[in-house]
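Shown here is one chain on its own, the form predicted on its own, set out as structure tokens.
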Amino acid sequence: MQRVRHNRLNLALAHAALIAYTIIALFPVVIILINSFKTRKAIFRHPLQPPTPDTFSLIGYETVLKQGDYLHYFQNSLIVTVGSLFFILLFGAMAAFALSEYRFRGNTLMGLYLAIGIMIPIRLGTVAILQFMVATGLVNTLAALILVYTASGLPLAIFILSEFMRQVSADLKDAGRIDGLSEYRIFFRLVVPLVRPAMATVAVFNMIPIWNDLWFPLILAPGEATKTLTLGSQVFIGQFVTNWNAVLSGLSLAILPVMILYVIFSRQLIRGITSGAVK
């Protein structure tokens, strides 16, 4: 009975912490949304108040949709983010499976080498990356951004997933081999479903930085056809004057796909957290 009460208390605390985190995380989002529907004066005079009939205005959204190809920027960001996450999870999980499953001389050193990218920012190699993209003809392409973001996300993915895959039962994998399953089928059918919470964690950690990044789109893909949403929104931010209505409206539109992707991946993350709280 005491153990059941302890488990219920842990579950309640986990849910309370999740609710508190959600409120704290959503507060800036709500402020941006309500101010995107207000006039410029109302934004600065009453930033915490919702729009009223006197302060309501859609001028920001009209400016965003008329000035520049905003929908095309939106599409580019979505392609880059989804494509990068796909390759990060695929190659990261495969490398982590190899490191955790097969023991060989230098296994530990190989794991440290693959994880060293966590400590060394990829932006330090911007000049070399730009030279490589110029030499391969990938400048002003979405493929260049996907390659860079995949490379930057793999070290963390391998570090997290390898630790989870070491906890997968060896008897389960051996049973699959006895049944005639290949290593690829064992990986995709047996191992991947068991490490979904870890893969969701990797996806959440990499999703926001990729979507909001300005550095590499500005350097590798500044062309009009390859601009991302973050880079395209900079047109409303000037040295002396900033169109805050358009900026807030653009941010509001940019939040939607991020929230959708976050909900998709965080379900597995939340399930892993709450299940661990009652063990």
Partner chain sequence: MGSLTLKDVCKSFGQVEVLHNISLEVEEGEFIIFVGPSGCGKSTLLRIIAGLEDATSGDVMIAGKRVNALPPSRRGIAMVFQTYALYPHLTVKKNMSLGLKQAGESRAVIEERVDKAAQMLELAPYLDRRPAELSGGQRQRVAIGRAVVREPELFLFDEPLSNLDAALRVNTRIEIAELHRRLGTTIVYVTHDQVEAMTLADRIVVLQDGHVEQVGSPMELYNDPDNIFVAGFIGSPAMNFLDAALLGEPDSVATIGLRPEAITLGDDGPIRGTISHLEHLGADTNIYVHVGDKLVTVRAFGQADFAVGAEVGLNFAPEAVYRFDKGGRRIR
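Worth saying up front: this structure is predicted, and the values here are computed from it rather than measured. Residue numbers count along the first chain shown, from 1.
Beyond the structure shown, there is the form predicted in complex with its partner chain, which is absent from this document and is the topic of what follows.
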Proximity to its partner chain in the predicted complex, single hit among Met110, Leu156, Leu190, Val204 (heavy atom within 4.5 Å): Leu190
Which one of Ala115, Ala175, Ile79, Ile122 is close to its partner chain in the predicted complex, taking close to mean a heavy atom within 4.5 Å? Ala175
Of 181 to 189, 70 to 78, 157 to 165, 92 to 100, which is the one stretch near its partner chain in the predicted complex, taking non-hydrogen atoms within 4.5 angstroms as near? 181 to 189
Leu130: heavy atom within 4.5 Å of its partner chain in the predicted complex? no
Look up in the predicted complex whether Leu194 has a non-hydrogen atom within 4.5 angstroms of its partner chain, and give yes or no. yes
